[in-house]
Structure formats: C-alpha cells, structure tokens
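What follows is a single chain, given as structure tokens, in the form predicted alone.
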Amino acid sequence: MKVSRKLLVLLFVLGLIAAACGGDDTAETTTAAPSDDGGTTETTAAMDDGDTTETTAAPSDDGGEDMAPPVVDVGIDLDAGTIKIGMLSDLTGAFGPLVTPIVAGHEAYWASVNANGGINGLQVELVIRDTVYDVTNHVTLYEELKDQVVAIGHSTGSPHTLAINEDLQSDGILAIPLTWYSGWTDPDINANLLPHGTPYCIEAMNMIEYITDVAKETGIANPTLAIASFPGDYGLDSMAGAKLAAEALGIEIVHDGSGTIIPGQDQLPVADAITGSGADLVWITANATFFGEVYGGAIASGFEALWSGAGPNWSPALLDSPLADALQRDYYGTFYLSPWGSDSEGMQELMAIMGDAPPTDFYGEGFVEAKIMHEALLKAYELGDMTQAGVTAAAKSLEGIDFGGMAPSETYVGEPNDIVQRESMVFRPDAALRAAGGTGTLMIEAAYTSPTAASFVFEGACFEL
C-alpha cells in the first residue's frame, strides 16, 4: 500500500508541475510596459531623477475642459507622458503558478487603459521584478524600485510586505499586498497599504461553517475537524481562524497539524495523521502542490471526508491530475472573487481584455489589484498631487471601489471592523467545465458570509507575525 500511495502522489505532482508555470531559483528582473495588444514589450523609458517635474501641457478631462497638470516627484514624467508602477511579484517561487497569471491580468488591464487614453493622457508602465518569494530579494528589489516608481501595484507575501512596510511608511509610498493576512486590518500596519479581499482567518471561519452545515445535511450530527498548514503567516493565520470557528461552533479538532506541511519534506506523515484522526472535515492551508500531496496520500488509504482550504490551495491543474474524481466528491473550494466565465460585468470586461489567453481564475486578482491602483491614480490626479505621498493619501480616501460584481467592493475609510472584507466565493471542482474550455470552477455561492465571520470582532491580527 505504501508504494501505491507514493506512486499516486508522484503522478499527481508530475501532472501539476507540467501544467503550471516553472522557473529557476534566481531573481529575474524585467521592465515591462503594456502594449496595445495586451502583451508586454521591453521599454527603455528614462528613470525619474526624483525632482518635481513641471510642464505647461494640460490634458483635458472627460468634459473637455483643461485640467492643470498635477505636482509629481518620482515615477511620473509629464513630458514623456508616463506613469511607472512597481511590481514585486513571485513569478518563479512557491506561488509562481498563481502569481504569473495575476501579473498577466495587470498587464492586460493597463494595456486596455492605455489604449483608451491612459490616466488623463498619461500611459502606465509596469516595472516588474521577480522576488522568487524570498524576503531578502523583496527588500533589495524594493530599494531598487522606490526611486523609479510612483507606487507598488503588487507585493507578493505577508512577511515580504511587512519587511518593506516600515520603509513604505517612511518613504511615503503606497503598496497593494497580494496576501490576505489578517494583520492588514490594523491601521498602524496598513497606513501605506491597500489590502483587499477576505483575510485568511475570516476565510477559514466562513468555509469551516459552510462544510459543517454540509456535513450535518448528510446526517453527521457532530462532525469532527482535522487541520494542517504551512508554517508562517499564511498557514498559521488561517489555522487561527479555523480554531476560532471550531470553538464558536462547538466542533472537536481531532488533529491539529498547524505548521506541519513543510515544503521539501515527505507529506505522507501529514496525510497519515489526518487519516488516523478519522475526521469528518479537513481544512488545509498550503499551495496546490502540497495540498495535492497531502490529499492524495490520504485518499490512497481509503480516507473520505469533506475537504476545504484557503484559496491558494487551488489550481485548475488539480483537475488534470489523478485526483480529479475524488476532488469532485470531497472538495469545497473558496476564493476571493468570482471564477473565469461568470456572468458579472467585471468578469465580462476581464474576459474581453484577456482575449485568447488560456482561461484561469487568477487573472481576476490582477484585474482587482490594477483597478484599485487605477482609482488611486485618478483620485490623485483629481486632487492635483501625484507625488508618491499624494498617491498614498488619495488612495486612503477611496470608498466603494466597484469591480463590476467580480469581487466585493472595497472601502478604505472607516473603522477597521466596518471595512474589513468578510465575503467568500464558494465553488466545487467540475471536470466537465474544464473539459469544455473553462477552469473547472463551479461557483455555488457568490458572496457567502458565515454567522461566525459576520460577528467576529477584530482587535488585532488573528496570528501575530
């Protein structure tokens, strides 16, 4: 049995790797500008020297009236007509297969904006750096970009973003984190950040209550729970939410594997511990590769339960693996926005600008991040201050950013407990949808908020880094 289990896991991993984007372990640096056809081109646009730029050119607003040019300092060249936005993105590290299409969503969004007049005539250029999901690289590349760009449009990772957060505040630079860490609810931490989406711990509360209800509907009166995760902020913030949900719902945790899914190690012991617990419900927080290894090892022993996990667990490639049939039986997934092919106005816009790109649910995250930055830049222009500090101040005044129904609207004015996002999209894997040319993500709840999540009061991060 041990040999067959390892073979199943090996087949899964090989299939997932073949379907995902790969890379080496070194940071790769590129400077990209969106082109009219939605691709990327190399650019040699001159870097800003940090001095305020003045020009007598005055673009017109939508009403045709002349608008005075804004004050600028770094990252915007009014004479050249360009705005540079930095991207600190994990393209080849642990989350590369997820982040690469997110960055592609950014590129397509800004290509569309540029083709339609840009930001009051200014063309947006993305300056993309591959951090390889390494904190030291992240800090080094931030130091490189901070004198080139007006803001950071994407920052992959919680410890990575926290590592530059003090500098973001002292430098007066805005960043949009690609991380759903609950600590972003703290105003002292997020002064220069625009977090978005449902925090990991709220996500766990939502989904554990959801699958608990599913279990009860099938006749399991008192379902038990097993949990396992990556170490660090992502895994342990999610595990904190799982434990809070279990306590609120009176669910017994029969296995606590918080922090036991260690990349590079054999995951069969984690699978064995879950199997041995006999749990009715399983909550996993990892990435698609390691989730697949744990799940594959458990089901190869004949274990059956309702499984769920944090959004980054999921990859459409899982439906191309030997796990596909079992996943359709067992898995309830969640993400922070609606899937590719949904009928919202925002998704239809995204699909149009992505053109013939192969479908993936992660383009939408790039669209959402870019839309937030777009609104910040428009507001800063309107206020006449597009300095780095001016863009940050404008961003923090934004209310009700609308993503056309693809994701819940976001507001950055108000009390933390009032503005924190609490909605989750719930889906089931569907191989038939994937075979028909979709991503295999069948949305069953567009905006689910559990009673536990709705009533939770933040007094700080669920897990302190």
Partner chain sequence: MSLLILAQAAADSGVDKFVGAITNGLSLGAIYALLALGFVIIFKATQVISFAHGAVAALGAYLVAYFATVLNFPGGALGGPAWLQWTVSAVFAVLATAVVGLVLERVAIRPMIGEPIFSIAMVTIGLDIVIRTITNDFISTDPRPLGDPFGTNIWEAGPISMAYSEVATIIVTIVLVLAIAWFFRSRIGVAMRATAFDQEAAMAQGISVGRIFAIAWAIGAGLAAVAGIFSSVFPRASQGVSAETAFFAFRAFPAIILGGLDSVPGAVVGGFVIGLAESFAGKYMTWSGFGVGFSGIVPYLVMMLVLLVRPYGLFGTEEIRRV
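Residue numbers count along the first chain shown, from 1. Computed from a prediction, not measured in an experiment: that's the story for all the values here.
Absent from the display: the form predicted together with the partner chain. The rest refers to it.
If you check the partner chain in the predicted complex, you find no heavy atom from any of 336, 348 and 368 within 4.5 Å. Of the listed positions (74, 318, 227, 208), a single one reaches within 4.5 angstroms of the partner chain by any non-hydrogen atom in the predicted complex, namely 318. With the partner omitted from this view, the residue of 193, 299, 119, 279 that lies near the partner chain in the predicted complex is 299 [heavy atom within 4.5 Å]. Interface membership of residue 268, defined by any non-hydrogen atom within 4.5 Å of the partner chain in the predicted complex, is confirmed.
Contact check for residue 101: a heavy atom falls within 4.5 Å of the partner chain in the predicted complex. Interface residue remark: residue 123 is not counted as part of the site for the partner chain in the predicted complex, having no heavy atom within 4.5 Å.
Among heavy atoms of residue 364, none comes within 4.5 Å of the partner chain in the predicted complex. Only one of 212 to 220, 241 to 249, 369 to 377, 283 to 291 lies within 4.5 Å of the partner chain in the predicted complex by heavy atoms, and it is 283 to 291.
For the partner-free chain shown, 259, 260, 262, 264, 265, 266, 268, 269, 272 of 249 to 276 come within 4.5 angstroms of the partner chain in the predicted complex, judged by any non-hydrogen atom.
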